[in-house]
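One chain follows as structure tokens, the form predicted alone.
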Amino acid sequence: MRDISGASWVASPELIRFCDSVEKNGSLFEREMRKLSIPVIDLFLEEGRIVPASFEFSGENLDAAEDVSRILKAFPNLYSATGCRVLKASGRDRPVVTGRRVAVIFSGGPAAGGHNVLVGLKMVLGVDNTLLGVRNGPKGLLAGELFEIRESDLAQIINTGGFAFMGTDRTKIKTKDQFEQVEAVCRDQRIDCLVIVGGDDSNTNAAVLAEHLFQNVHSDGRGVQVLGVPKTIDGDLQVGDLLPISFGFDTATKTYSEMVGNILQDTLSSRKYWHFVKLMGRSATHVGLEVALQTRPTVAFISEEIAEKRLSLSQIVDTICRAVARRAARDMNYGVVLIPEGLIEFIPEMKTLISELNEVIASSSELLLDLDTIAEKKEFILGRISEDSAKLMASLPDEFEDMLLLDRDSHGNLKVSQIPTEKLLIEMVSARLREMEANPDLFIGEGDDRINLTPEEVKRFVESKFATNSHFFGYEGRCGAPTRFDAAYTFNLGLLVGSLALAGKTGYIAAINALDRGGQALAIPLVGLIHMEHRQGKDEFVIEKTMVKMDSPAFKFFIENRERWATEDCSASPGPRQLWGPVSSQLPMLIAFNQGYNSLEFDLGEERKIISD
């Protein structure tokens, strides 16, 4: 036998050089990603070159979401300038502009594809105009942290994930002093146009800034254009068939679907665990619905349905218990439950409890500071909420009672991402199953409160074990390398918003529809999306979040199939996101269903190699 105990191992110089080159986004995967060609909408190509579009009236008007008189009063300049008219990109009379200085900012949480917005913007502005990046989001804009994005930067950032090139943050620009700071930065940096890449709140901010910066910013009386780009992995920034989805949603849901699909395959392999998976998405449940459509889990909850049907926490627990019991009766002691991040805020009784807690905590903040222990704070608060809410809170496990008293966010709301709803449901389901095991009569017969099992099936259930695991998939999906769809979608959004900047437009959000037939580039007036919402005790103008609609084709497909998914093993494993081959062209199922497409394949034009080797 060969003795290798004294062997001396030496890595080759070539291998060391290669491993050193992997640092700073230099992995083999990232290198190949940068080489990927990208589909480009035909409108932005002329003789093989990237060119800006012009704009004309699409023939469609957006009625202001609120009373027109209120919009006119708050946004007189924007309403007059846009007339709530939707514009479509055109190849006629393309703008020829030089010397324009455009600044771009990432706002809010990151999403895959943001870097390609920058690449598209830079390429359509060309060498005769300047693109400035804003470091660290709105906070960096207020501080004047700008730098020039050069053509040499594009090769490093194209098709890469996240917002790492510039950074982002969640600062809200809403005070008079902040507006004056932005105006001063725009004046000092000679900015002609500000592009805000963000979600509903950030694009609301874009509308307010567009109104404020409309005129008299520069010494010659000119204002600053402000334009928006739709970004959010939650998918809740939609405008019917004009704006089917925000960027980042596809990458996030494909990432989550891969992980959920892997877990579903594990349950079929080990056959002994119930996995409770919480998915990011506080308000709308588009993420949860898309992942359910892709993977066919045992149980999945849609927050909007919970709210509409006014289901209680107990009813949600019983839904899971019925699935557990029915599957255990068939010797299937495993499954996967998908839970939206913001579920507890949609349960009517929990929503009331949280609202009352928010009010007490906000109004008694100084008194609460004088109390030393959580028990004292709990006793103080329980005495100031309604009897029903106090009873509900007392029914929760102690650790979850404590979590409901956590510090609130800047809007005065509970930080639901910190509440492990998946673990709460595990505890409550476990307790309920023990009650059911002790009362076999609950299973016999028909009716809403019966599970309708045979005596033999009841016996199998009582003898079964309920073993669980919990997961929260959130940050894992926000900054991955973009899917081929998100890479193409964002690049074209960059071309579109850059064209709007060169055309002198302001107060619009870039939008692309007809995603299955070459893409159509549109500009949607932000004032047409604004409505009034009550926040922190006062009315504010905001862009309303798009929620899952109960009559949407995607949701209807889900409810028509979920009973079968609960009783049979119907799970699918989508696998990792693909960047080559047929699967790489797959749209989110939710878009294909709701937009009435005939297939899942996207088409955004001719494939182009964007950056030369």
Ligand code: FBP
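Quick note: we count residues from 1 along the sequence shown, nothing fancier. Computed from a prediction, not measured in an experiment: that's the story for all the values here.
There is also a form predicted in complex with the ligand; it is not shown, and the following applies to it.
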Consider the chain as shown here, without its partner, and state which of Gly133, Gly335, Gly480, Gly109 has a heavy atom within 4.5 Å of the ligand in the model of the complex.
Gly109
Quick check on this chain: which one of Lys172, Arg432, Arg94, Arg282 has a heavy atom within 4.5 Å of the ligand in the model of the complex?
Arg282
Asn159: heavy atom within 4.5 Å of the ligand in the model of the complex?
no
With heavy atoms only and a cut-off of 4.5 Å, decide whether Ile233 touches the ligand in the model of the complex.
yes
Looking at the partner-bound form in the model of the complex, is Glu341 within 4.5 Å of the ligand by any heavy atom?
yes
Does Tyr475 reach the ligand in the model of the complex, with heavy atoms at most 4.5 Å apart?
yes
Please name which of the stretches 364-372, 349-357, 417-425, 114-122 has residues with heavy atoms lying within 4.5 Å of the ligand in the model of the complex.
417-425
